[in-house]
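Below you will find one chain, with nothing else, as structure tokens; this is the form predicted on its own, and questions on how it binds or moves follow later.
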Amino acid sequence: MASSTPAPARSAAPVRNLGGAILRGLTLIVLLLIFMFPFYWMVATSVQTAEGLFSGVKIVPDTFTLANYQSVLQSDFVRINVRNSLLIATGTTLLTTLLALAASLGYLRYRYRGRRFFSRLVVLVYLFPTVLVLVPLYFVASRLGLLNNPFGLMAVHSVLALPLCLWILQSYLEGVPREPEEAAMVFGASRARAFRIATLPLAAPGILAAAAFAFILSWGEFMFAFIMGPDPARKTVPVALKDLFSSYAMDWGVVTAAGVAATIPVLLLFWLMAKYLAAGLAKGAFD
């Protein structure tokens, strides 16, 4: 009689892989709920009537109105404050990105004494609280006539964003091959032109990641925008949101509707450039 052979034991690897996938999925869901719930609560509050807001806490609103958004659209918030923030954030993004590219080119393509030391020194700026320069900067801006001037605030925001943008671009450009740039120089292109036509297209994800960081920092910066733009016609979105708060009465529907309107440009930015942001930040962090 032929002896029966025992059936091979099932491998535990697929079970472990399935368990790990489930754990990762649950962790991602929990994190999404934690980070997205405040935004959901803001949207839910913005579409409720005053009676619905003060009738009790409800996860799902039982009233609905767009009057809060209509009030925001008819106010100066969109026509003046959002326009000011778009102007300043766009100017800051262009100025910071150009300066960071020029500095990265000088760091990576030229050799000089103290090159690495100065590159690390730039990032150390973030060790010091920016509030230390608040009062001196106010007096300097006042003497130079830069109060209520969008170019003065662009310069300040560029200084705040430049160290990290420079680090992102330097880290990313170090991983970009130099051969196309050197080939362009062999055919007669200057170093700047070879960098522009051969290296910049390859470095697009890193450039977009740095530009997005500069835009977001400028869009949400409050402290310097508050002291350098006291004129109501020059206030940016964060300063205008602060003005909606009152010690006597609070229209939470209008406040949250304005908050949703202020968040939309940043959400659109991430939606349009999510792929490039992930590639630029990941490569800049690990190369």
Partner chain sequence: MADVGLLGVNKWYGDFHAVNDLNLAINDREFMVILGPSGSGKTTALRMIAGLETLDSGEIRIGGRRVDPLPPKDRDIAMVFQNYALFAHMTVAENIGFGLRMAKSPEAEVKRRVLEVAELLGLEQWLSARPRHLSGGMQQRVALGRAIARNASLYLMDEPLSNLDALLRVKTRTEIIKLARSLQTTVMYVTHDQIEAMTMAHRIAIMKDGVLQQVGAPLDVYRTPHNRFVAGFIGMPQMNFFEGSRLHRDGDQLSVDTSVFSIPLDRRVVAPLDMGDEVVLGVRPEHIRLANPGMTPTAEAVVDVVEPLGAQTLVYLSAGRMPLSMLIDGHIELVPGQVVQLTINQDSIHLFHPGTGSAVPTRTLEEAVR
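Since we're looking at a predicted model, the values are computed, not measured. Positions refer to the first chain, counted from 1.
Although it is not shown, the form predicted together with its partner chain is what the next lines describe.
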Here the chain is shown alone; which of Pro201, Pro136, Pro129, Gly145 has a heavy atom within 4.5 Å of its partner chain in the predicted complex?
Pro201
Which residue, Tyr112, Phe187, Phe151, Phe117, is the contact with its partner chain in the predicted complex, using a 4.5 Å heavy atom cutoff?
Phe187
Report whether the minimum heavy atom distance between Glu174 and its partner chain in the predicted complex is within 4.5 Å.
no
Give a yes/no on whether Arg83 approaches its partner chain to within 4.5 Å in the predicted complex, heavy atoms considered.
no
Please run the contact check for Leu99 against its partner chain in the predicted complex: heavy atoms, 4.5 angstroms, yes or no?
no
Could you confirm whether Pro180 comes within 4.5 Å of its partner chain in the predicted complex, counting heavy atoms only?
yes
When its partner chain is placed as it is in the predicted complex, which of 117 to 125, 154 to 162, 99 to 107, 201 to 209 ends up with heavy atoms within 4.5 Å of it?
201 to 209
